[in-house]
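The chain below stands alone, shown as structure tokens; this is the form predicted on its own.
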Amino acid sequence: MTGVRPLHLAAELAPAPPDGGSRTVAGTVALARLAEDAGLDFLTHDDSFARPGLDALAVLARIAPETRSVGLVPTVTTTHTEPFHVQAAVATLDWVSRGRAGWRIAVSPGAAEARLFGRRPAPPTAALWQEAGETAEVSRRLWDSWEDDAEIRDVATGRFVDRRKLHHVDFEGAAFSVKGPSIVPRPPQGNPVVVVDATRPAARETAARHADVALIRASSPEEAAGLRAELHRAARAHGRDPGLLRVLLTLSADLDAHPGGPAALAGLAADWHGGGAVDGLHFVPAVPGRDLPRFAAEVAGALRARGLFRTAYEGTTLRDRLGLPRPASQYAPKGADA
């Protein structure tokens, strides 16, 4: 392991097999366990209203009790969904997984997706990402709306919560308003990890302002370093510590066809991370059932052999894996009032 800046590895569980069939629950659980045995930071599961498939949140909630350490990050769109329901679902996944939940924010810009809900044509993509940013902001407030010790379960008095430690968030955005508090106690991580694919310029502002992990695509280490620096500058402009924003390169590959195979991919991850271009790699396998086992065994194994990747999990939460602190509730009393 590098002492100063650990290398992070993540992988995508979707799509389903290319033959049009569906992966069995046992097969998906087996892939998740395999990734966990290899020490991967987290697994993503894509989702969209635009194509048939399983609900990503439901799939990862099913996997949660079957795993113990790997992070679980479903894609959840903020378009055509209620922010209050989205944050409650992600908070519940964090409880079910005992602190290993994340959330990859997505938007649904297609007119066909809007028609599925009987709605007007979707607004421009930039407006959707603004709405996504507001959803991320109100989610953080709702996760904080229960102080950590609000749940008291006092049998003698019949009180479940200390109402003095529940807070209305009173959020007013351009697209919606939320009163609060949440209906789910504060998640184990305080705030589940927020992931944003910042490849498209329209998503970068939301990533810089709200993401714990930004995913990028780049064809050279220089391009990746430039995107990482851009995200860090924007995060600082929003008053954030850019050192707490992880930037991972998303790389789609068929390991049977990738030049140099797993060894070359491990070399790329080592070189780009060592050169400061990225904090790690988010691997999207062409065929998860075939490529993910090779990524776990050969790519992660090669990086571990070089001393660049963990030999065992440290801590218990996804935030622990990523070296991110557990945020204090913004509503909890501070200082002399605590």
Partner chain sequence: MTESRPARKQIHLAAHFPGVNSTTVWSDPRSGSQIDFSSFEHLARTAERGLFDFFFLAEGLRLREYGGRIHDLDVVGRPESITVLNALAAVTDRLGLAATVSATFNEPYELARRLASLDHLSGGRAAWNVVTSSDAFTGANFRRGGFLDRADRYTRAAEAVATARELWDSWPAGGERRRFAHAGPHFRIEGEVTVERPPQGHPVVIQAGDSDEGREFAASAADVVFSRHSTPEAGRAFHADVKRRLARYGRRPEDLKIMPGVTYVLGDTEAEARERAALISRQQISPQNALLAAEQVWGRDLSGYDPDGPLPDVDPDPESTLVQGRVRIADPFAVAARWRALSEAKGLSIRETVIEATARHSFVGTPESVAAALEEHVATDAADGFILIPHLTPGGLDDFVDRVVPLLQERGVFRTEYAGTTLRSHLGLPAPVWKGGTP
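None of these values were measured; they are calculated from a predicted model. Positions refer to the first chain, counted from 1.
What comes next is about the form predicted in complex with the partner chain, which does not appear here.
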* Structure fact -> The one residue among 284, 302, 270, 59 placing a heavy atom within 4.5 Å of the partner chain in the model of the complex is 59
* Candidate from 211, 265, 93, 105 lying within 4.5 Å of the partner chain in the model of the complex - any heavy atom -> 93
* Asked: Does residue 158 make contact with the partner chain in the model of the complex, using a 4.5 Å heavy atom cut-off?
  -> yes
* To do: May I ask you to check whether residue 227 falls inside a 4.5 Å heavy atom distance of the partner chain in the model of the complex?
  => no
* **Heavy atom of residue 55 within 4.5 Å of the partner chain in the model of the complex** => yes
* Going by a heavy atom distance of 4.5 Å, is residue 81 a contact of the partner chain in the model of the complex? -> yes
* Structure fact -> Testing 239-247, 219-227, 196-204, 175-183 against the partner chain in the model of the complex with a 4.5 Å heavy atom criterion leaves exactly one stretch, namely 175-183
* Though the partner is not shown here, which residues of 127-156 have a heavy atom within 4.5 Å of the partner chain in the model of the complex? -> 131, 146, 153, 154, 155, 156
